[in-house]
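This document starts with two versions of one protein chain, written out as structure tokens and named structure 1 and structure 2.
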Structure 1
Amino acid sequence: MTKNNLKKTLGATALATTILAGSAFAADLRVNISADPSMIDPITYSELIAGHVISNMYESFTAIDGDGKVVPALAESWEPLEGNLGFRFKLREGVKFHSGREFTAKDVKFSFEELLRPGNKAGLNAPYLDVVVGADAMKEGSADTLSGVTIIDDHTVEVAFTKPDVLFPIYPIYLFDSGIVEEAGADWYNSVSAGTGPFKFENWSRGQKVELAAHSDYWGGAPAIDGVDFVVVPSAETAMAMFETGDLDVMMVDGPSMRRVLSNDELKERAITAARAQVRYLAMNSDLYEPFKDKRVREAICRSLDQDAMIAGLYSGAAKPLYGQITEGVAGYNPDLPKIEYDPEKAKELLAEAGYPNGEGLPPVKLSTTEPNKNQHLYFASQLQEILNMPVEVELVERGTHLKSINSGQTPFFAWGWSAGYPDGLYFLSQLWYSDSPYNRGWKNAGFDALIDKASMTADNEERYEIYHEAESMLMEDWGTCPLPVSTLMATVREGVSGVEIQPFGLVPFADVTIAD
């Protein structure tokens, strides 16, 4: 080859590469995330941002569709074992991992074991397995395999429990490839993905973006886009500017930016929203502040807070009022709960009846929170001071300290939120208001506890939801908490991009997204 020829060939190759790279870039969906994910694997998975990325690469027995409904994913069907002490799962056939290997029952067993193995720093998914027979032995290191999981055949697996847990099939336990350790080594999870999801891991430039590529063998059909770029953009203003100049296809909108989206007709038209799978509540711990023992005091406080005013003032309208402790979009939500009316006069009367006319005799109390929630708490304090003449002072606490204090039951008065781990109302009721929960927020009731115990053994959905309604009404009639507005989940989608859907837990994996032009 002469020098000239070589030059020509190189030139042509470079041109071809440019064209290819150009077209590939155009068909990648660009989505913002506010920080780098802390991890990209399903074993240590333990935070929200990582969840956005991981949910595009890994799947569970079930998934949540664009309407917020649970739909079968890697399990096609399931039936309870004798006495609700486990499930027999029929696995989907013809599912391929990112490696090309087929997904079978042994991968289920492998995934569970890896999550429980000591030293694997398992995150959020691991506690869902506590109920499986043999989980304790694995966690302690006294067993190397999980005795509660039985492989019946390639596509049938039985999981046995130590006690009934009817919600197990909907837990988001990500399943992964049992051949991955052999292929990529013990620390595979920092460099490759081993899931069945519509996208596979490609590259992570820290501080810039996490790139995923389409999984062409995806069981739901190969994605129409080439991949997804999760672009790290910590500043909401920058994200907004990038969306406006077309540098982002989908913008996840957070708190302060919602106002700007809602006040701009063009952006508002491009917005998609969903009710967030999160409850918010005002906790009143009567062990720590005597007046909270009186139900009338609790009611007076709830009636002094105006949810509609909060939604307009604090959330720019992008929030929904809450009258119970299960949110819209989460299974078991009760749309018929009575509205809690804002009624300052009644609040004053109730407080007087409880023996504190015009707030006289109320000892001072601190309303504790962290810096990001300051405004909301200042509103609560000013309402309570004005209407009830209650001596409330807002106290700002560092986040880690605050979490420690509220979870050990040492904070008398605070508002906080709780995001659902799986799409069922039992999550909220059993974690926040069940007496034995480590996260009980200060209201305890034996009748309520009995209902929660009953619900966790009731496999029939409708029947179980009835029990939730009953328990929730019990909590609300006793004014165990004041429910607070829940902000809306919001994203904006660039023109020409279709198939982006949002559900109460976030954006639906981008398997069906298309980009025009």
Structure 2
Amino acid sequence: MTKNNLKKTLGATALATTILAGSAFAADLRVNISADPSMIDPITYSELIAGHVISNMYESFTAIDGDGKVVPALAESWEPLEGNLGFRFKLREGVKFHSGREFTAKDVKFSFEELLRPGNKAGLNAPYLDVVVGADAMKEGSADTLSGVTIIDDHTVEVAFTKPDVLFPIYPIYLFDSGIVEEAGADWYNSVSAGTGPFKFENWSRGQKVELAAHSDYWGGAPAIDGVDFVVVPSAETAMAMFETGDLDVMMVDGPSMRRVLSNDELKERAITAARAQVRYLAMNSDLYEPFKDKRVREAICRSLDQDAMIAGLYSGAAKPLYGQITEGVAGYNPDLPKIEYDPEKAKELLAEAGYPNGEGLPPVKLSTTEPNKNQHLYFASQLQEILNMPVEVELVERGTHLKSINSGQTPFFAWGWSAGYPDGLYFLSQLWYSDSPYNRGWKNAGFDALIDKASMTADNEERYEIYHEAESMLMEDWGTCPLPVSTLMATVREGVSGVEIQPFGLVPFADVTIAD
């Protein structure tokens, strides 16, 4: 029996019970997302909206709490192996998958192997495993098992590395049920979920909503609500109308809606906010647009964008300028990076020095984005046209197509954001600007790569942060990107809904949410 049928069958009884209790009301929490997730499984997971949904179904060795701090999740503790060449993890006991099976060490090994198996097209979590002994053989297809993972007992597992990687325990590698393929087939993720999280997959009506149901055996305690509906609402205005009419319980607020929330006392009172752990950047891929090979062109573009004006005009003040590629609140942030001055005259001079006086000789280029980010890109294009006479045109692309293009290095010019998967600056630097990263945004530098390699082997936090600062300065002095303002993370919560928490990495999974009648 599905959850909806169960609700219909028990509806009258549940209503009577609620009236008598007069307090908590078991219902589905309704939350907006701006588009369909690009995927729903923990293997190919590679984008933010999918992350909002998946993080309620799947868990890792560690999690991030409401204060943005790393806390143990599926691993209760860990200790480094000799020479920092791996870790021994003590796994949490008594954890049940959505299938009812118990979570054990063999599921860790299975999850790692599936992320590395050729043909699975694994996403964001796979590169974390590159340092594991045997990972290359798995990826090449010359091995069927991962030799670097040793099951000590049901709740102890060792992971051996080819080189130190001190942040491995905090990587958000989703772990899943090793029995799921036998039970539900190779395409199991279309019908069930295989995680240990507080909610499990129930239904996905594409273009409408993703429905999750409460996991009654959740190790942290069964959720008090029936489930979560992630409602697809592409328009921020429509989302606002739905929240005001009670058709959404939680509204993620972005772009133009921020102005409305901040100017409305009632909505402002319902808002929860956090400094967003997300870098914003303008990507300039020199392999795809010849003028970007010249550092002076890149600097000219950066000096044509006025972050202060953007914060006032696009974000109603609810944003902070960014002058590097690690955000405030994330470990390794450097508050002493120099401000990037908005300087149109300097920008014109630089472009002329590069051989493009008043933009003459610049080939046309498209500035690609999606509908929700259109206004920001129209601003970029108007600035570049007005100041540099640059022949740039905004191109709107369907979100899924856009993500595939930018993640495969096929888009020459675009602005985007990258949310931290774990609270350490290495995430931003290694994922976006390290040459071998599958998500490299078009700037590569061997010296920068060497620093990132060194940082990943440095256990001392302060020493490692100094390496981040050096690498970040190298990126910025070469104008590898134009940092862009980072908007405040904001959501509004309907009266009667409690337990919704927001931290720099997004909404905390809804395990502790309650809904009053």
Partner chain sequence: MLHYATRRLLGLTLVWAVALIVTFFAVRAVPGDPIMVMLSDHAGDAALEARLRADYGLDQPLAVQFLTYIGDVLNGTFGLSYRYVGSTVIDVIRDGMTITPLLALSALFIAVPLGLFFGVFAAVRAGSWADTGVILMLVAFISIPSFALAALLVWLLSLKLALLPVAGWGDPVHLILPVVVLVVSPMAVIARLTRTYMLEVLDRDFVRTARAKGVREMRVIWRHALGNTMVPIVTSIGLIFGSLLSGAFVVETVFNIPGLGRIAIDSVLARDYPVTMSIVLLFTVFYSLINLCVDLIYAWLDPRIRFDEATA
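Owing to the predicted nature of the structure, the values given are computational and were not obtained by experimental measurement. Along the sequence of structure 1, residues get numbers from 1 upward. C-alpha atoms forming the largest set that superposes within 1.5 Å between two forms make up the rigid core.
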Two forms of the same chain here; which is the form predicted together with the partner chain? 1
Using a rigid core alignment, state whether the CA of D41 is displaced by 2 Å or more between the two structures. no
Once you line up the core, how about E349: does its CA shift reach 2 Å between the two structures? yes
Size of the rotation between the two structures [smaller rigid part against larger, C-alpha superposition, degrees]: 29
Core superposed, what is the CA shift for R399 between the two structures, in angstrom? 10.7
Displacement in Å of the C-alpha of W416 between the two structures, rigid core kept as reference: 6.8
